[in-house]
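Single chain ahead, written as structure tokens, the form predicted on its own.
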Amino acid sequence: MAVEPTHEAARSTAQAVAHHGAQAVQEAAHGGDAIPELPNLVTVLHHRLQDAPWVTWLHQWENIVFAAFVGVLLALLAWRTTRHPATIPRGWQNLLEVFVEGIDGMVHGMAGRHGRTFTPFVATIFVYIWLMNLSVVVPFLKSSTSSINTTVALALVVFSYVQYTGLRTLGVRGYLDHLAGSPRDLVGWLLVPLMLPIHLLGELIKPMSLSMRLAFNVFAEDVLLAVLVGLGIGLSLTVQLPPWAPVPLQLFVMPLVLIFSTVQALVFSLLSTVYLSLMLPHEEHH
């Protein structure tokens, strides 16, 4: 006799979930804010404690909060690994050195031997973005890179470092010569009024393309994960499956999230390395 109310409650819950999902689809079709998203710690606190000012502040700046959390975690990990370096690396130090050698080889191959000075910057960008991308698979965390605000900030950091590198390596005169298309003959000087705006526009487009590519891809990845999680929960409630039934569906999507997150972080780092290498003197490319 106690089983029937449980089944009835499960059916009513499933119907409510289905009804809410249908409403979300309709609102999204009409421009409403019904994009599926996995709940994180801040959204749970905001749902429970809506009147608390500190919760409202966290909810307003949740992307920065989670980005700062990943940054602090990365800094603690780097400090813990490099605090007492061993002559014969083991464990985390060995893994970190293998990773740094891989990034250094990539930067050296694209920017030349003097481009090796970019390895710390490129490696930090890669690990930071990679960990933020993967944050969505940790319960009650969120991928800050799914927000365009976070990716714009990252792209502006790359843009500023690229311009600083150009001014430092080329000098002011060489930097302006680079923007003008490096004219060396009469035809080159005649094309300066055309090449200068094109180069300036290209430098401004680079951070826009970096930020939009990363944000939209990670956002689509998070939406896919949220939809599959909701699908698994809805099926378990509707068909009355055991609690572990949706797990195989999640095991299928987790490798995809890992691959997509790694690819997006790698693409961002590769493009940053390319932009930095273009600011080096021409002889460095050989």
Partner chain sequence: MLALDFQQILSQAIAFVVLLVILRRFAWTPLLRMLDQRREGIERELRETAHQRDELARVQDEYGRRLAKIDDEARTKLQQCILEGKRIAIEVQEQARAQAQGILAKAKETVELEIAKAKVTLRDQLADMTVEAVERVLQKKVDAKTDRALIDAALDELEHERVRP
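Positions refer to the first chain, counted from 1. This one's a predicted model, so the numbers in the text were calculated from it and none came from an experiment.
Keep in mind that the form predicted together with the partner chain is missing from the display, and what follows is about it.
Checklist entry - So which of 199-207, 184-192, 171-179, 90-98 is the stretch with heavy atoms within 4.5 Å of the partner chain in the predicted complex? => result Careful reading of the contacts points to 90-98.
Next on the checklist: So in the predicted complex, is the partner chain close enough to residue 139 to count as touching (4.5 Å, heavy atoms)?
Outcome noted: Contact with the partner chain, no.
Checklist entry - Should residue 162 be classed as touching the partner chain in the predicted complex when contacts are defined as heavy atoms within 4.5 Å? => result So residue 162 does not count as contacting the partner chain.
Checklist entry - Heavy atoms within 4.5 Å of the partner chain in the predicted complex: does residue 128 have any? => result Residue 128 belongs to the contact set for the partner chain.
Checklist entry - Given that the partner is absent here, does residue 112 sit within 4.5 Å of the partner chain in the predicted complex, heavy atoms only? => result Answer no; every heavy atom of residue 112 is more than 4.5 Å from the partner chain in the predicted complex.
Item to check | 4.5 Å heavy atom contact with the partner chain in the predicted complex for all of 64, 67 and 75 | outcome: Looking in the predicted complex, the three residues 64, 67 and 75 all sit within 4.5 Å of the partner chain (heavy atoms).
Checklist entry - Are there residues in 148-163 with a heavy atom within 4.5 Å of the partner chain in the predicted complex, and which are they, in order? => result 148, 149, 150, 152, 153, 154, 156, 157 sit within 4.5 Å of the partner.
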